[in-house]
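Next up: a single chain in structure tokens, the form predicted alone.
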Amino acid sequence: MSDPRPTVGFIGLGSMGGGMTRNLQRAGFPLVVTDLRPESATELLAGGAVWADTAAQVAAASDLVITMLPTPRHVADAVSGPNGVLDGIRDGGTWIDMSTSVPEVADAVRAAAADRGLRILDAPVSGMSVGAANGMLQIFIGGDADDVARLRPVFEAMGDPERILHVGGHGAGYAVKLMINQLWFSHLVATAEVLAVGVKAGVDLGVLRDALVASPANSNFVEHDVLSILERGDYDEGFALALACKDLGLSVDLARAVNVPVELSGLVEQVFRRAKASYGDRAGEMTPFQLYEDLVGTPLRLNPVEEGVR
């Protein structure tokens, strides 16, 4: 993709999309944006972005369109609904869905616009809101290799160049992201159980975690991610528990669609839904950990001074 840089239309300026668009802007991409909350675009507009009232207007004014939305239904409405992307995008245009969604939504768009030559990619991300803000997201792209190569500068403005992966054809990006989420959420529940049981049995929390890190049972979650809870009591409110439950439901639905029994994944989903019922939709995605803290009657926290000298 050669300069001048193409105009990027971006739909969805939430905790993820806000950081992603700011990094696109810093990288020199002109932006046309929209969101249900106009105030979410204030900083971008001050930096030169253009506001559009509808997804169709975004598409009509852009060289390519990115959607970053909470659920498959939101994606379908923004693309195929009244005043949606399909009403504004030019024939041969490009749509990249970076939402955590399902292949059926993009498949329906391809079928509805089969004669228009649209280039469509699914490119969901991992890295939470911190990665979005820092431009260090992992990006998992499903689609044609030529399109991935052509659009790589766009992806590199938002993600870690070493972790932008072309994972297969259409729909593969969605599937990879759902499986990553499922495994990460499973790590969270398993880690919470192990730490709660060990502490209740009288083992010092720091000693127990050090033993896990040094053992064959170590994981990135045990070694790194859980520290946001153990050191700071941060359950990542940047990503709502309701969205985590949505993602878990989608991964179990995918398993059902391909006829693979997933008893453990189904149980993890129910633990997350129990946490949502207990702490509310807007609680952080790591709040299921608190279920186990409540069971043992105390927050599981490391002493920051002791942790710093280990």
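Residue positions are given as counts along the sequence shown, with the first one as 1. Just so it is clear, the model here is predicted, and its values are computed rather than measured.
One more form of this protein should be noted, the form predicted together with nicotinamide-adenine-dinucleotide, which is absent from this view; the next part is about it.
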property: The single option of Arg152, His166, His170, His74 touching nicotinamide-adenine-dinucleotide in the predicted bound form, heavy atom within 4.5 Å; result: His74
property: Contact assignment for nicotinamide-adenine-dinucleotide in the predicted bound form, among Ser186, Ser80, Ser219, Ser129, heavy atom within 4.5 Å; result: Ser129
property: nicotinamide-adenine-dinucleotide contact in the predicted bound form: Gly12, any heavy atom under 4.5 Å; result: yes
property: nicotinamide-adenine-dinucleotide contact at Tyr235 in the predicted bound form, heavy atom, 4.5 Å; result: no
property: Any non-hydrogen atom of Asp247 within 4.5 angstroms of nicotinamide-adenine-dinucleotide in the predicted bound form; result: yes
property: Partner proximity in the predicted bound form: Val125 to nicotinamide-adenine-dinucleotide, non-hydrogen atom cutoff 4.5 Å; result: yes
property: Stretch in contact in the predicted bound form with nicotinamide-adenine-dinucleotide, which is absent here, among 156-164, 99-107, 206-214, 225-233 (heavy atoms within 4.5 Å); result: 99-107
property: Heavy atom contacts to nicotinamide-adenine-dinucleotide in the predicted bound form at 4.5 Å, residues of 151-178 in sequence order; result: Lys177
